[in-house]
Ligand SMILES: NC(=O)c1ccc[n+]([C@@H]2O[C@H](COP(=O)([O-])OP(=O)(O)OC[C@H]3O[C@@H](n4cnc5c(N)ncnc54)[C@H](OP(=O)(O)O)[C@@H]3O)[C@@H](O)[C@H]2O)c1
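Take a look at this one chain, the form predicted on its own, written out in structure tokens.
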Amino acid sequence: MRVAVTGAGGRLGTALIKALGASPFVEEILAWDLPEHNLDDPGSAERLVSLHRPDAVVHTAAWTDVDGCAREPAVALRRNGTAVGEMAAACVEAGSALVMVSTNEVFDGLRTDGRPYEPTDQTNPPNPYGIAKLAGEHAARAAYGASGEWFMSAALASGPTDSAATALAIVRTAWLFGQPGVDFPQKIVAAAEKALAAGQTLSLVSDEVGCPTYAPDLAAAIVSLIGEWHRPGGRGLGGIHHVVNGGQASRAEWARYVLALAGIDIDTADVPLNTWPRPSTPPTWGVLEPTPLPGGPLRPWQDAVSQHMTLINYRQEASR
């Protein structure tokens, strides 16, 4: 297969390039990023897809600055909504499969029954970022004709195998961490060291709950989905997939786990999310119910965080 990755230099894109490179069914990897792939350029997707005609495209490129999206919702809709539709239309025209990466922020987070969100649950984005990402989901589904209700719960289930919709996967995830860039564990280590130096208590948000997800684990899961689509007799990609590491945590619980691994002893205090007002409001309950994967469920988030923190000197990186 020839597989293209948009946003190839980002956190998930970097992990995907590595995972695809280790896959036995991938012959060529096309790494698309700025300047050749530009979410602000309406013709960018069509030019690349028609020129290279990949078997599959994994669309990770997005404007993930949620506060920036709140300040400029029209730009967010262009980059995270309209641009997805353009990529999907180009893929349909070329006969390419598409994996679109979406977010838990398509849900409002107001659920109080303690149940994780499933693909069939009603979406209701609480902020411009989520609104734009949901618009991208809708645009991709429209391009592939994935309007049937079966698509909502078709993750590895039986569905219309002769439909173009089987060549579209929407992968929702949450709280992505990993390299490159400064991720949540690094930010927590930096904040803790600053608080220690000032003799202060470290405040941690306790009422925002989600699923910490390791970029390499998510990348491996996406590659397994593509492999299932490519395998003779395999099922189509078609469906909405919730792909997160196992378990759930509040931001405070995640932070304390990171601090314990980093060997940082500091007094902490739980505070509500609204302690620090922001342009964007994330869902306070952002937990996703993982859907079935060809290789089985992802490992618990604690195991992924532990491995991740052995691969980087967090104290050195956090101080940069």
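From 1 onward, residues are counted along the sequence shown. Remember, it's a predicted structure, so these values are computed and weren't measured experimentally.
The same protein has a further form, the form predicted together with the ligand, not shown here; the description that follows concerns it.
Taking the partner from elsewhere, W175 is found to have a heavy atom lying within 4.5 Å of the ligand in the predicted complex. Contact annotation for N38: at least one heavy atom lies within 4.5 Å of the ligand in the predicted complex. Interface membership of A8, defined by any non-hydrogen atom within 4.5 Å of the ligand in the predicted complex, is confirmed.
For the chain shown alone, V101 is a contact residue for the ligand in the predicted complex, at least one non-hydrogen atom being within 4.5 angstroms.
Contact with the ligand in the predicted complex, judged by any heavy atom within 4.5 Å, is made by just one of A269, A260, L34, L51: L34.
A62 is the sole member of A45, V287, A255, A62 with a non-hydrogen atom within 4.5 Å of the ligand in the predicted complex. Looking at 136 to 144, 187 to 195, 107 to 115, 166 to 174, the stretch with residues near the ligand in the predicted complex, meaning non-hydrogen atoms within 4.5 angstroms, turns out to be 166 to 174. Annotation: in the predicted complex, residues L12, R79 and Y129 each come within 4.5 Å of the ligand through at least one heavy atom.
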